[in-house]
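One chain is shown next in structure tokens, namely the form predicted alone.
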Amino acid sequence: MEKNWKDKISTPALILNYDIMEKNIEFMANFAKDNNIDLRPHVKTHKCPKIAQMQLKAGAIGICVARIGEAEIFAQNGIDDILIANQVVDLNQIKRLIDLNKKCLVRVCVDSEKNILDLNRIATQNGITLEVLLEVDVGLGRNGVKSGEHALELANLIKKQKGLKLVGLQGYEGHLISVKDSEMRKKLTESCMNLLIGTRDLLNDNGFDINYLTASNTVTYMFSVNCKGITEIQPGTYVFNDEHHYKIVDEFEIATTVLGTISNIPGKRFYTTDVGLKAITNDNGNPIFKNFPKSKIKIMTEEHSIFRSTPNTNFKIGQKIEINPTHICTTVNLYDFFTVIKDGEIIGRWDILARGKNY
């Protein structure tokens, strides 16, 4: 049965196992419900409105996106509670953000004085009150204002803007995604959350009323929910998982693979596939062959990968082989659609409508 569906597909192809994805969605939804915390999945992983609707149906309260272009796509497809878990700084994009808020609720994060003033000016010109979250740097060092007094200073600036409303705080502990030791990851997550909670307390001691704290990812969600004050989690990768994350969170099976074809045998135990860097990414390390984890990729080029098999494993030219991505988010962004498999049969092609919408 497995051979039949593979033979019907031209490669390279992005394969989605519906049954595994459904289990992953249900697991996270049930976890959030059991722990009385809101779930707002980050859809930059799948970029597919159809999957986002499944997550909402399972219990998510809304979605996160990374870019205004993604927000526009998901809003066009019926989702009306969106958090851009990022800053929108480009003036043209700010105008699009304001236009989108005339149709649905799209919040955005802020972390600088200039961005706050630009957002307020354009929102005011359009008669819109834009809801914003102040992003606090909890250790990643990429975005966010420093916790404490620096955050209070920006919060007070937001408070003075007629076109903005401060509704919450965001933190992102993305620097912990490779920490394999569970106890260490727990300790570090709690430290990050304490920075966020402490900033909330400082703001509320100074006249604010902030109760909305959003944070977390696929490898820290289980720890942040136990930090009193965190009200929402933003995991994304869990829906598909990948080899990198599976080593840390094996409660989520890998639902998405890349199907390739053996195209050449350049030497003893060496094989060439048609899955190169245009079909699968290696920014988190080389991909891993499903069912053949000891076969190792040696060279990746644009259109091909050359790998070495184990002594007792032989492949044939024309043979189809599945490969597990090590970074599913960047791999999905290479494709226009998923080929969806359920019970060993192809059930459809799902468009990745937000693919490339990073502007």
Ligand SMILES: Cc1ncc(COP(=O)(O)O)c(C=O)c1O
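Since the structure is predicted, the reported quantities are computational estimates derived from the model, not experimental observations. Numbers for residues come from their place in the sequence shown, where the first is 1.
Beyond what is shown, the protein has a form predicted in complex with the ligand; the following relates to that form.
Between the ligand and the residues T326, Q55, S305, T45, the one pair within 4.5 Å by heavy atoms in the predicted bound form involves T45. With the partner omitted here, the residue from T199, Q234, T272, T281 that has a non-hydrogen atom within 4.5 angstroms of the ligand in the predicted bound form is Q234. By the criterion of a heavy atom within 4.5 Å, S147 is excluded from the residues contacting the ligand in the predicted bound form. Interface membership of F240, defined by any non-hydrogen atom within 4.5 Å of the ligand in the predicted bound form, is ruled out. Of the heavy atoms in R121, none are within 4.5 Å of the ligand in the predicted bound form. Heavy atoms of N217 reach within 4.5 Å of the ligand in the predicted bound form, making it an interface residue. Stretch-level contact analysis of 166 to 174, 92 to 100, 253 to 261, 121 to 129 against the ligand in the predicted bound form, using heavy atoms and a 4.5 Å limit, identifies 166 to 174. Within 4.5 Å of the ligand in the predicted bound form, a heavy atom is found for every one of A85, R142 and H245.
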